[in-house]
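Here we start with a single chain on its own, the form predicted on its own, put down as structure tokens.
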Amino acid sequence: MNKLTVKDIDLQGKRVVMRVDFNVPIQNGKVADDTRIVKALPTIKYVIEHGASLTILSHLGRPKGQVKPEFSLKPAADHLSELLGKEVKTASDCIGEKVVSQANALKPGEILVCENTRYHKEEDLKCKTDEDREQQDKFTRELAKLGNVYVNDAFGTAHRAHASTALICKYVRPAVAGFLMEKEIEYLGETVARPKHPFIAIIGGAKVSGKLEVLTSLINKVDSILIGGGMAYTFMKALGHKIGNSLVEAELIDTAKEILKKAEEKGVKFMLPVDNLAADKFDNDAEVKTVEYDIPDGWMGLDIGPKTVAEYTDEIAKAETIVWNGPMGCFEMPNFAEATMSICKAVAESDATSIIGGGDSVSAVNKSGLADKMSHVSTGGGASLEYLEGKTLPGVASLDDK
């Protein structure tokens, strides 16, 4: 962690503009899951307790440059106010004279939450022309008027070079990391760079295509890879097994063979399901049977089976470091959630440093009630995946070095 954090600078009397990740689910005008807001609280409290005023920026959903009430940050601001037990002011925009006046009028300890940055297309504009770049730069400079210190605590958007996540650092210095950003970098970067062995990766989810780069990267670092989810069937087909109507990426079968070969060359134990829960249709109320290896025609694998869970649990028990990204089956359906929950339990009971990254894995761990037993549950989603792949994240790279 070679980046400055909020602890490294004097905040007294400063006007802090802080990027958070309040991209939370809203139902009936209320926050349905406040995990991301709660994770930002330590930095928010630190800033206002150390003599600074605080203006908060975030996106919510994909309004695609249009003002859409369903993507308003007002419910998130109200929820933040409840969590802090103090008033949180709101602005009807994130740029313009009115919001700049509101930000400038804040006293030390006061908080203003600006409206959704993605109400402006310039926030995440894919610049193809000089005119695009000028437009985005103008928007970025407007955001920069909101403070004289920039704090980024939005790891979940750090893989995007957006105006409020990276480009703003050109105009506001110092630009430092918040505590959540620091923790994410520490766990995902430091732990994976210098892991204790045995180091195992549990990789699941629907498709190989979404995990190709992370698999390729981790093969060079881990001792074992445990594969689950729909992606397992592309590998099983590559090994010549029948997979019935299971999800398969036929165009990636040769790639799957190459990954298996590379794992063998590196001495990495590449574990695939030895049995599966097969269903006659993609439905919680489907007829289900446990099948070993070959899945008959007309059936599809929707979860790993009990023998596989036992093998994976034994492997997890030996680990000193665990990275988990992606569920073992269609855990959203109760009848196909058991394996994912069993793996949650095994990881929670292990003595390993355990890092959970990726939206579905985080959902599964939260659903299991065992999140507090994991060393680190990443808020990152796509950002955590790209960091594990060894990519440079613009939102991290743009911050001041120590």
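On a predicted model such as this, the values are computed, not experimentally measured, just so you know. From 1 onward, residues are counted along the sequence shown.
What follows is about the form predicted in complex with a small molecule, which we do not show.
S.K.: Among Ala105, Ala206, Val291, Leu125, which has at least one heavy atom within 4.5 Å of the small molecule in the model of the complex?
M.R.: So the residue touching the small molecule in the model of the complex, by this definition, is Ala206.
S.K.: So which of Gly230, Gly189, Pro198, Pro75 reaches within 4.5 angstroms of the small molecule in the model of the complex, heavy atom to heavy atom?
M.R.: It is Gly230.
S.K.: Thinking of the small molecule in the model of the complex, which stretch from 230-238, 262-270, 93-101, 141-149 has heavy atoms inside 4.5 Å of it?
M.R.: The contacting stretch here is 230-238.
S.K.: Is there a heavy atom of Phe282 no more than 4.5 Å from a heavy atom of the small molecule in the model of the complex?
M.R.: Yes - in the model of the complex, heavy atoms of Phe282 and the small molecule come within 4.5 Å of each other.
S.K.: Might Asp360 be said to contact the small molecule in the model of the complex, defining contact as any heavy atom within 4.5 Å?
M.R.: Contact with the small molecule, yes.
S.K.: Look up in the model of the complex whether Glu213 has a non-hydrogen atom within 4.5 angstroms of the small molecule, and give yes or no.
M.R.: Although the small molecule is absent here, Glu213 would stay clear of it in the model of the complex, with no heavy atoms inside 4.5 Å.
S.K.: My question is simply whether Glu332 lines the interface with the small molecule in the model of the complex - judged by any non-hydrogen atom within 4.5 Å.
M.R.: Yes, Glu332 is a contact residue.
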